[in-house]
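Form predicted on its own, single chain, as structure tokens, below.
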Amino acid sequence: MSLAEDTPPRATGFRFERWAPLILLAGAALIYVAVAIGTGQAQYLTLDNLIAILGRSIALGITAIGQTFVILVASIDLSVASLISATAVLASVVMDGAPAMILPAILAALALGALVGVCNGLMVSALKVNPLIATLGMSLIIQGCLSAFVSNFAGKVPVAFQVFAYGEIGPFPLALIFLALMAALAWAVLRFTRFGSDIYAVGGNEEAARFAGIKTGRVVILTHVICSVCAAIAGLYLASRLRSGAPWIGSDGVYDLESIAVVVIGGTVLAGGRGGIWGTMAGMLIFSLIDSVFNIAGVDSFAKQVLRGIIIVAAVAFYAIRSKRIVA
């Protein structure tokens, strides 16, 4: 499977943007290897360290998969960070250390995610609220409700559920395998289903899609539900990893803004209609490798943020310039 397969079958011809994420990923990998060797820390160039690098981005990857769906329909979701915190707290409180409550806690977290997704989708599609404003407002509502009831760690995750974050199958973490399966499922939905084709059609031209008989409102709502459910899964993973829930787990812009950045760096266009899951996964890997390069090089946290911002702006500008040239 290649990044070229991320776009719908009707696209023809070679497009540089399809391969740009792989080119960026290869560049990031080369820089990582060069920095590791140049600083005398070549011991980091092992399979175990690579798995550890990827393991630190599992929650971001899960969130970015959902974010890909909404961006493909030319929408966006800024409520995922608050929803991650809320579902982590909800799940850990429902479990409260009892293995018998694992399933009810998972169902409650997914139900909350689906409810938030429906609300976001209705605001965007039915009420015609700008998705930035709609989802930002939802984020504030969630965070406000959460802060009103929880101020510190809440609940307790039983050992049986901690397997989600710490279990392994051979040399690979269970959560990393789960992320790969989620990505494969999302790719299959976008590539082979009618719903996937409708997503690209709505993102490419909503009016044309409506005239073609596609129920555009339903497509937008479903993509927001998928995004919110993915955020809920990320919250469950973080609760498993931290062994409890806390209202700040998804804060500081890590999962909302960075999930958008990962999707965009992976080649999915903010205007919708072009991009896909494997590009998003490449974007996640790029972010992971960049973080590792910064750590090896001893870059402080403030400089990291500046450099990350430069990389994101450069990537978006690059895709925008390429798109204008293609249109011209």
Partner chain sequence: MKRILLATGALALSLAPLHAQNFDDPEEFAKQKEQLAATPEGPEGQPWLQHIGGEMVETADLGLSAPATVCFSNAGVNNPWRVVGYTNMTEEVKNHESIGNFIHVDAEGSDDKQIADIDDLLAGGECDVMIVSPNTTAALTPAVERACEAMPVIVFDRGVNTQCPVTFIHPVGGYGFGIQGAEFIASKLEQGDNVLMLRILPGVDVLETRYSAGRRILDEAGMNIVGAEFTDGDNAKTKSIVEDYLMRGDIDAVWMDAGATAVAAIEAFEDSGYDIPVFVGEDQQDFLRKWQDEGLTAIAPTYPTYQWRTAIIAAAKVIEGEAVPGPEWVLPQPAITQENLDQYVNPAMPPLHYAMCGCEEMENYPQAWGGN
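Every value quoted in this text rests on a predicted model; they were computed, and no experiment measured them. Residue numbers count along the first chain shown, from 1.
Although not depicted, the form predicted together with the partner chain is the subject of the following passage.
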Students should find that, of L174, M182, A108, L122, the residue having a non-hydrogen atom no more than 4.5 angstroms from the partner chain in the model of the complex is A108
Among 276 to 284, 38 to 46, 23 to 31, 61 to 69, the stretch whose residues bring a heavy atom within 4.5 Å of the partner chain in the model of the complex is 38 to 46
Note to self: Contact with the partner chain in the model of the complex for W248, defined as at least one heavy atom pair within 4.5 Å: yes or no?
What the structure shows: yes
**is_contact(I290, the partner chain) in the model of the complex, heavy atom dist at most 4.5 Å** = no
| Heavy atom of V157 within 4.5 Å of the partner chain in the model of the complex | no
>> in the model of the complex, is there a heavy atom of the partner chain that lies within 4.5 Å of any heavy atom of R243, even though the partner is absent here?
In response: yes
Contacts from 69 to 102 to the partner chain in the model of the complex (any heavy atom within 4.5 Å), listed N to C, are L90, V93, V94
